[in-house]
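Only one chain is included here, represented as structure tokens and corresponding to the form predicted on its own.
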Amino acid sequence: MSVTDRFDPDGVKCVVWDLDGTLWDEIAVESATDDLPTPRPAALAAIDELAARGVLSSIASRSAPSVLDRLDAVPEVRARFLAPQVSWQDKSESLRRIAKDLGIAVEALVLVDDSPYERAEVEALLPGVRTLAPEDVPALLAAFEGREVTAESRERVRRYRTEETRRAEGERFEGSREEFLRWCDMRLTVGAATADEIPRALELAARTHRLNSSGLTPDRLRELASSDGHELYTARMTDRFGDYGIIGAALVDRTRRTRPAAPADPGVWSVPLLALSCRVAGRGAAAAFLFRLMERARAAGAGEFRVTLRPTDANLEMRILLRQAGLRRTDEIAGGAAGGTGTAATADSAVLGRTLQGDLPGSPAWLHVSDREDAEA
């Protein structure tokens, strides 16, 4: 089986590189001086090409931690890597820590390592992680050829570096977590997607898992977004550290029928897909986006709000959010009573709904939320 047959590049968010025998030829701890071995030009070129496509790079090396200190003295190399792990711990543990630090699923990692033992250890303990030998890297790069690269993708590495600064400031901040979030001055704007935002919305549908309600495919999302009665919304966020970019997308379907034989009900807003970047997990942005959509639905005259949910092992956070927002399972099968306008009617999908009468949940106090149309007025 070829490298390109083993995984879908859309699921790859970070490539993790071994050092000795992979990034460079020699063994760093055996060097007679403090100078690190010279990195292989082909490896650095591959890292740069991946970064241009929005794929992060990190390090997992079983070596003395002092090697990372020495790497810090070579900024032109160190700057290419996020959340590096250099220690004597197992590679599988290093990968878990990298995923946690980056806020992504461990299954979104790919390990490049020259050691068959290290690759086998990771495959055994982290079966969702793909592993490659250094000679497989050209095939890895080829797997990304021909795929659309959005402006958000090109900015991804820079934004993760900003996130490292944000995290470091949080660790130094003298106060509570909520006080720190208030100090960050986070601002979320919600509005109808413009033409140039659609590729990013499709990317969120394909690449997000933790905060993805239904797993609607990009092709299906594109088809539905351009059909009558549907509207695509996006959410943007900024804070004092910089611009997060587009961090959320939601497809709204206003063609829903309350019964198979009934006409379309303008009083129902249905959301076949709600997807948010994992970069904003834990900051209230997912809840704020959902609540703002509810408010817009009520302002448009809707009395009921529904979301299609396909539970997975990864999207527990989304399921908790929907429950906290007061959405409960209805008798309707996803896509069934809607004449197929939602996701496919499958046994693993459900529709959650709630009334829009009465009080709606409020966004976190530390997050400033507004409609993009108001901000642009």
Partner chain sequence: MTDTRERAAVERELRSLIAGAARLDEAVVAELPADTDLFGPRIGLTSLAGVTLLGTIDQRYGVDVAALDLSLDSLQSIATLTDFVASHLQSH
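Source: prediction; values computed, not measured. Residue numbers count along the first chain shown, from 1.
Here the subject shifts to the form predicted together with its partner chain, a form of this protein not shown in this document.
Q: Counting only non-hydrogen atoms and a 4.5 Å threshold, tell me whether Glu163, Arg187 and His368 all contact its partner chain in the model of the complex.
A: Looking in the model of the complex, the three residues Glu163, Arg187 and His368 all stay beyond 4.5 Å of its partner chain (heavy atoms).
Q: Check Gly267 for me: does it contact its partner chain in the model of the complex (non-hydrogen atoms, 4.5 angstroms)?
A: No, no contact at 4.5 Å.
Q: So in the model of the complex, does Arg78 come within 4.5 Å of its partner chain, heavy atom to heavy atom?
A: It does not: once its partner chain is placed as it appears in the model of the complex, Arg78 has no heavy atom within 4.5 Å of it.
Q: Looking at the partner-bound form in the model of the complex, is Arg159 within 4.5 Å of its partner chain by any heavy atom?
A: Arg159: no, not in contact with its partner chain in the model of the complex.
Q: Even though the partner isn't displayed, in the model of the complex is Gly282 close enough to its partner chain, meaning a heavy atom within 4.5 Å?
A: Gly282 belongs to the contact set for its partner chain.
Q: Look at the stretches 64-72, 24-32, 50-58, 321-329 and give the one with heavy atoms within 4.5 Å of its partner chain in the model of the complex.
A: Selected range: 321-329.
Q: Would you mind picking the one in Arg207, Arg210, Arg296, His230 that has a heavy atom within 4.5 Å of its partner chain in the model of the complex?
A: Among Arg207, Arg210, Arg296, His230, a heavy atom within 4.5 Å of its partner chain in the model of the complex occurs only for Arg210.
Q: State the residue from Lys100, Arg177, Arg147, Arg154 whose non-hydrogen atoms include one within 4.5 Å of its partner chain in the model of the complex.
A: Exactly one listed residue reaches within 4.5 Å, namely Arg177.
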